[in-house]
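Okay, so here's just one chain, in structure tokens, the form predicted alone.
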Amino acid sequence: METKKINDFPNDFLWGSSSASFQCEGASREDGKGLSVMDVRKIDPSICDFSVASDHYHRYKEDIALMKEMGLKAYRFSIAWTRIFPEGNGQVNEKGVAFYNDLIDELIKADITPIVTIYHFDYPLGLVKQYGGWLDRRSIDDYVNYAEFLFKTYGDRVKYWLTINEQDHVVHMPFRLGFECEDRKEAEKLGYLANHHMCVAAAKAIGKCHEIVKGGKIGPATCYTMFYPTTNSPADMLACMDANEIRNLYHLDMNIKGEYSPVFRRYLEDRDMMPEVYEGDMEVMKENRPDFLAFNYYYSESVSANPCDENHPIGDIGFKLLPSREAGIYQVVKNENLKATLWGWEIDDIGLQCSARQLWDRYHLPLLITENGFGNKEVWPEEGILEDDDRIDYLSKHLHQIKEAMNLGVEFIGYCSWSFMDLISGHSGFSKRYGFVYVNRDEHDLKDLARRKKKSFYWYKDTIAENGKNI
């Protein structure tokens, strides 16, 4: 909607940036840290593993000094579960506890608000070996005990908490659950069992946060894909609605409303994938409502109707990493109206406004953007600085859409770009760079890991200083 005036960003808007422990810290086997499922994941040998990453573990003071120079108001990061509990439960690793104490103290000293993700993909391998991890109900108590330890240890300084990052991605990617399964139907069924346990665990953690952390706020961090019907066909519109339900909204309805929506319940029952719901599970979800909703947004997808036939019955799913088609529901189609990144992610700034408005209308919780960014192949030039104008253009246009959404009544807490510095992309190694700060290394050549400020660093610094008046 075009309006006569667009309001400014509020003075308390949290201008931030993001990272994840396994993608930036390195030191994957140092100072008592245990192994996570990401540490042992089979990867393409042409890309790097997570053992060194951006070496943030050893250089966090240098990195936070750069954040302070930029003027960041917030830094969203995750705590590596296995730095605190090497086996996922049991004995505490005091060196890991001390690292995050020091990191948080350094942020507070720089006047940067810490936003902590409790669990961001790097699930403890020890829990998988003990009982199968998220596939077993014992995982609920172990997650809650871990979260409670974090609240008691860091809650005097950390007031913003995120329960689980991109739960939908964990559900659909068996390696993030710590198992391999050639039968995709069986893997999906197990994924939805894990999803149920995660929802119960997150709800209980929300209750613990409200009990322990004075003034604490907590919520889920979903990855939201804006879906469009490919044509004006009513069948495509229905496919779009259904894709949104089974890709975006199913776990949010559980996390926020404490319910399996009728559409999602029927979806699971038709495919024999409905997990066992124990007495009290849904009640604990309803009783522990999040304080806000965080979401990651990178791209949109266009979908068309995909009727079943003899070769593609109900339950037939096509995968890349996430489902790209499902018989009887939808199939993803290239959107000819949008340009794409080198990795095929269609660039759609308006989709961010659409996503925010959909989430606000359905859940009416304040929104916090925890990831939004432009990945590209980049090499530092021999002279001058890296002029990443494409990143500036991407971020500027997406921030403008946040401003437009706010102008129509959507409430935002803040915006955290992905990412502050270059780090390891989950599927593309160091070849896919997102940062304002260039980290001088290649896939397998660590070089000197020096930090260098890209052109976008200065642009975001100015944007923060002007509180977005340049957007």
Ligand code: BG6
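Just count from 1 along the sequence shown to find any residue number. Because the structure is predicted, anything quoted here is derived from the model rather than measured.
Not on display, but discussed next: the form predicted together with 6-O-phosphono-beta-D-glucopyranose.
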property	result
Among 398-406, 437-445, 63-71, 417-425, the region lying within 4.5 Å of 6-O-phosphono-beta-D-glucopyranose in the predicted complex by heavy atom distance	417-425
Proximity to 6-O-phosphono-beta-D-glucopyranose in the predicted complex, single hit among Glu166, Asp349, Asp388, Glu326 (heavy atom within 4.5 Å)	Glu166
The single option of Phe121, Tyr250, Tyr267, Tyr100 touching 6-O-phosphono-beta-D-glucopyranose in the predicted complex, heavy atom within 4.5 Å	Phe121
4.5 Å heavy atom contact, Thr225 and 6-O-phosphono-beta-D-glucopyranose in the predicted complex	no
Interface membership of Trp345, 6-O-phosphono-beta-D-glucopyranose in the predicted complex, 4.5 Å heavy atom rule	yes
Residue contact check: Thr463 to 6-O-phosphono-beta-D-glucopyranose in the predicted complex, 4.5 Å heavy atom	no
Tyr75 within 4.5 Å of 6-O-phosphono-beta-D-glucopyranose in the predicted complex, heavy atoms	no
Members of 350-387 lying within 4.5 angstroms of 6-O-phosphono-beta-D-glucopyranose, judged by heavy atom, in the predicted complex	Glu371
